[in-house]
Each structure stands twice: as C-alpha cells, then as structure tokens.
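There is one chain below, alone, in structure tokens, taken in the form predicted on its own.
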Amino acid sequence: MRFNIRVPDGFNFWRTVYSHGWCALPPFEIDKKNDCLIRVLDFASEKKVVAKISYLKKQTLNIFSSENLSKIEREEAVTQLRSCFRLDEDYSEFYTEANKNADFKWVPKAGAGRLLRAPTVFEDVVKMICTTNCSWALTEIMVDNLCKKLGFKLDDSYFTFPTPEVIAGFTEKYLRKEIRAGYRAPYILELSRRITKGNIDIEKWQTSGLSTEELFKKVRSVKGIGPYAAGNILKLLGRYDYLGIDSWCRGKFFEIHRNGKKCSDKVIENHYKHFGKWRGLFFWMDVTKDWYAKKFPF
C-alpha cells in the first residue's frame, strides 16, 4: 500500500534523516540502495508494518507500507510520521536568525534544523539514556538488543521498539546481561514500571505548557537522566534552550573554535548564549556542519 505526505517549504528529507544518529538505530534503518528510510510502525489496532519512506519531487514523502492499512491506521501512520519528521513545527524564526549570521547562512539553504525523532517520547528517552557514558557502538548494541529481544518480531529483519509494559515485566539482571544496559538497567526498568503503573506520563511532555526551564527540571527528575540527556531530550520535544553537551560535542567545539584547545562547558555555553531560545539547535548545527557535505554522512 502506498500513500503520500506533503511536506512544508524548505524541508530537506536527507538532512532531516541524518540530523543525528537515530536513523541508524532500530526500528529506523537506512536503505541506501533504494534511497529510503525504513521505520517499523506500531498501531493502536496492534497491527505492525514496515514503512519505507522516500522523497518525491514537489515536496512529498512517499510511504510504502508492507501491509494494507485501514483508514484509521493510515491516519495514525501519517500522524506518527509527521511527528517523526517534525513537519508541523515552524522554523521560520530559526532560519531568520541563521541568515543574520554568516557562519549559519548555510542552514536554511540546506533545509537543516529538523531533528528526527521516534513516534513516542518513551522510545526517545530510553534511546537517550542508552547514549550516556558510552561509545556509539555500545548504544547501537543496547538498542538492537532491546528491539530484537523485547520488541515484537515482524520477521527476521524487523522488530518494534519494546513498550514500557514489556520492559516492566523483566528484571534488572536481564537488562544488564541480555540487553547489556549496565548501570542504565535500573533506570530504564524504573521508568517503564512507573509508566505502566500510571505514575508518570512522559508522552505529555511533547505538548506540555510548562516553561522550558520547568520542563527541563521535570525531565531531569527521571532517574538516569542528567543534564546532557535532558538537554537533548528537550531538543526532540521542540525546546532548544539547552545545549546537551557530551564528550563528542566538546571535541568538535574545541576543533572548530579553539584549534583543539580545551575549555570549560561554561565557555561553550557563552559562545551560543546570544542565540537565545534557539541556542541548543545552533550548537548542534555548528558541531555537525561537516555532515551536510554528503548525502549519507554515516
């Protein structure tokens, strides 16, 4: 089954797909040979499908579903994918600011700025926890294990991301040993159990009316989420006031602005302070600029 989704002016498919590493983590997958992004979609009806997403001319995403969808499921698929690609967010103010600065005029020209996210806040949060204090290779292993061992299996190649209810039924020992989550295991387990018991609803973070500072504190209140993870989770919620600095970003900043010389995080924060509520996104555009020279940067 095929259907299309219209995209806004200035949208760039591959620059959104490769906005950060999520495109390389299941249930996302890059199919370079067929020029598309693959995503396993999970519906309220409990149907699961493999969706292959490609870009057509005239500002349209083409979606190929591995199974026929009902009208309601198709509407749900459109809602999920519009959210993943951030199609309903307004970046005009961000692009206006970018055009004021010679170092960032490339951003609107490239259609950059939209950060790919998962259909659920839960998936984004768990994945972000899996990026803390480890190599990207270990992040890939943990997320792959979560999907293959706890997700729903469509076939030998495709799995869903596990729900909080599924994860909540396992033990910390299992998450440590089989998922290789290490010290993150109790945090992922506690979050899953709190969601399952109805003690917290993190999906509401996406539409929260709280100020960014208040929402940052709420995100930080979840065990296992420090300043780095919280800042980057907020970016996926459409809030860009925090930089979300990690060792990789520090290294890139030192290379770009300090000739390799180290400095404190405060110096890095002050460098982007004048960008106001967009500073976290300008920071990310700055350290990933070299990605935009290639269609497939990784």
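Residues carry their position along the shown sequence, with the first being 1. Note that this is a predicted model, so its numbers are computed, not measured.
Keep in mind that the form predicted in complex with the DNA is not shown, yet the notes after this line are about it.
Colleague: Select, from the options 265-273, 55-63, 23-31, 242-250, the stretch whose residues sit within 4.5 angstroms of the DNA in the predicted complex by heavy atom distance.
Modeller: Result for this chain: 242-250.
Colleague: Look at the candidate spot formed by N133, G182 and G226 and say whether the DNA comes within 4.5 Å of a heavy atom in all three of them in the predicted complex.
Modeller: Every residue of the candidate spot has a heavy atom within 4.5 Å of the DNA in the predicted complex.
Colleague: Taking heavy atoms and a 4.5 Å cut-off, does Y187 contact the DNA in the predicted complex?
Modeller: Yes, Y187 lies within 4.5 Å of the DNA in the predicted complex.
Colleague: Although the partner isn't part of this model, could you tell me whether L115 comes within 4.5 Å of the DNA in the predicted complex, counting any heavy atom of the residue?
Modeller: No, L115 sits far enough from the DNA in the predicted complex that none of its heavy atoms falls within 4.5 Å.
Colleague: Any of the heavy atoms of R194 lying within 4.5 Å of the DNA in the predicted complex?
Modeller: No, R194 is distant from the partner.
Colleague: When the contact criterion is heavy atoms within 4.5 Å, does A137 count as touching the DNA in the predicted complex?
Modeller: Yes, A137 lies within 4.5 Å of the DNA in the predicted complex.
Colleague: Of the residues K153, R82, R74, R220, which one places a heavy atom within 4.5 Å of the DNA in the predicted complex?
Modeller: Partner contact (heavy atom, 4.5 Å) among the options: R220.
Colleague: The DNA isn't shown here, but in the predicted complex which of K204, K148, K177, K105 has a heavy atom within 4.5 Å of it?
Modeller: Spelling it out, the residue with a heavy atom inside the cut-off is K177.
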